[in-house]
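First comes one chain, alone, set out as structure tokens in the form predicted alone.
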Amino acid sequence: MMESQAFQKIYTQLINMTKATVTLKAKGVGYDEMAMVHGRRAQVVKLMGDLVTLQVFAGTEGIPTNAEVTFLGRPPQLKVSEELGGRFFDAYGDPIDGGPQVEGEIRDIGSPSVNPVRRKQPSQLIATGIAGIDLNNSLVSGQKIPFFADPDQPYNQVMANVALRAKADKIILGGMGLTNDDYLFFKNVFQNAGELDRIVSFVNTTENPPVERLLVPDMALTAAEYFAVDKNESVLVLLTDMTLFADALSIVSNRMDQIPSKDSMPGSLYSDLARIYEKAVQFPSGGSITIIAVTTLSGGDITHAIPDNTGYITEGQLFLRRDTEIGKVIVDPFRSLSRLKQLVIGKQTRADHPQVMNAAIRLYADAANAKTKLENGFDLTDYDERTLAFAKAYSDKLLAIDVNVDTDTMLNISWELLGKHFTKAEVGIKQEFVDQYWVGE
């Protein structure tokens, strides 16, 4: 759907063409402006004098050099209103769920992030029901944090679980390069849970042109800003998969003959990612935007340019790994970190939370040492045996991503496991909490 304006200039001479871009001479054109090239949607990505380069979302194959180019005089836009709730849209904000067009106020996507003066320090716990997150790496409203996961891990299931469990007013899903199965999975999960009205989805599947993915995060965040700013709601934005987003960036920049930097990524990767993540914010008025993204790793490599740059921008990371002992995917306590958790644990959760968390992780680390001893053929002490038994139960009952309980229950389970395997002295928790919660011999 493209509205035409009176006196639109139509150009018909392309100077240069790559697989993803076309270049022509034009005047009075703005950066990020939308255009139609030979009936295909395109966007201005480079201006040099009167030379304009457009990325053509569907690719340039079959476009003649005398193709018609019409500039639309505006960046990509989204109509925002309460009608967005429960709907599925493509990267351009058009419905893909068979429903009607949304009526609402037109907003430009990709606007600047919020002025720091209007920001407040995040302080609201976002509970996900996943103990590997809520117990060890609590999330806070206004935070930005990625899941790091191997491509074969069930990260989209985790995202869907977080969406359904999180205590947020609105959930916005930005799906980039989803397989059709993933798309239908999200759709079915949301519909079956009866939660559809608070979820808005923008989806680019593998059947759509990959360059369209570049619009998805901005669409999702424009919708998020409407609910957070205009409606004072807490909004959780789920972006999956940012690695496929970055791959689309490199397709365009490498076709424009820019010299790639590390791992064939564009030199602008840091600012391209930061522009998205910096939209996370807690407003004094109560509205907030929290961003949880997925960054898939190639062969577990976190030094690759995408996770590497992401780690600088975000406030920690959640690391998914398959635990061979219990045969489940867990949130790895050693490689996961929420840099804002101390703002809420023990304050918005039970007072024993920080102590229990630290004691359990310390004993889990002792189990890792015992495992190394075992693998190297050393004898294990009775204490070593008990740490191994504890670690297995802790992984199974708390770290596994299929655990869905509230924070108090997580703490109670932790106390049970501590009491079952250790003495009060070995656990080393403050006496006042031991007196109150200890469930051992």
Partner chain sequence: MERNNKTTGKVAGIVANLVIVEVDGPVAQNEICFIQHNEERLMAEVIKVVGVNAYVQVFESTRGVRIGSSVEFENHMLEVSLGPGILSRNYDGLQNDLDKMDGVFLKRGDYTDPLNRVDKWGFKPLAKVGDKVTAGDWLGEVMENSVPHKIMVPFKMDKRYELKSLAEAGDYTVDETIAVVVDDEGQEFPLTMVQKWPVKMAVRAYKDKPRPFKLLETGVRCIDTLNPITEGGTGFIPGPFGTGKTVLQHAISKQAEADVVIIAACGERANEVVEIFTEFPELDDPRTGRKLIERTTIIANTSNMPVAAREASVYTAMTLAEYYRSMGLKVLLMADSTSRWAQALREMSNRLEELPGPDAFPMDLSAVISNFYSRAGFVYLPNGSTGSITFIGTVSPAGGNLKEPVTEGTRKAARCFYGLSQARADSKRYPAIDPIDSYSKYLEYPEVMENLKKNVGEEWLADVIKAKDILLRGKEAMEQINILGDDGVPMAFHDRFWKSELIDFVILQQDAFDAIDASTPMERQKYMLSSVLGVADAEFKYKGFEDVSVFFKEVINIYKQMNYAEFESDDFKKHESALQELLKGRMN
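Residue numbers count along the first chain shown, from 1. What we label the rigid core is the largest C-alpha set whose atoms superpose within 1.5 Å from one form to the other. This one's a predicted model, so the numbers in the text were calculated from it and none came from an experiment.
Absent from the display: the form predicted together with the partner chain. The rest refers to it.
When the partner chain is considered in the predicted bound form, only one residue from I302, A193, I96, L184 comes within 4.5 Å through any heavy atom, namely I302. Among the residues E212, E225, E233, D352, the one placing a heavy atom within 4.5 Å of the partner chain in the predicted bound form is E225. Within 4.5 Å of some heavy atom of the partner chain in the predicted bound form lies at least one heavy atom of P307.
Although the partner is absent here, A389 sits far enough away that none of its heavy atoms falls within 4.5 Å of the partner chain in the predicted bound form. In the predicted bound form, the partner chain sits within 4.5 Å of a heavy atom belonging to G142. Although the partner is absent here, F148 sits close enough that one of its heavy atoms falls within 4.5 Å of the partner chain in the predicted bound form.
Contact with the partner chain in the predicted bound form, judged as any non-hydrogen atom within 4.5 angstroms, is confined among 125 to 133, 307 to 315, 173 to 181, 200 to 208 to 307 to 315. In the predicted bound form, D108 is the single residue of 93 to 108 with at least one heavy atom within 4.5 Å of the partner chain. A displacement of less than 2 angstroms separates the C-alpha positions of A35 between the shown form and the other one, with the rigid core held in common. Comparing the forms between the shown form and the other one on their rigid core, the Cα displacement of A351 reaches 2 Å or more. Put the two forms on the same core and the Cα of E61 is off by less than 2 Å between the shown form and the other one.
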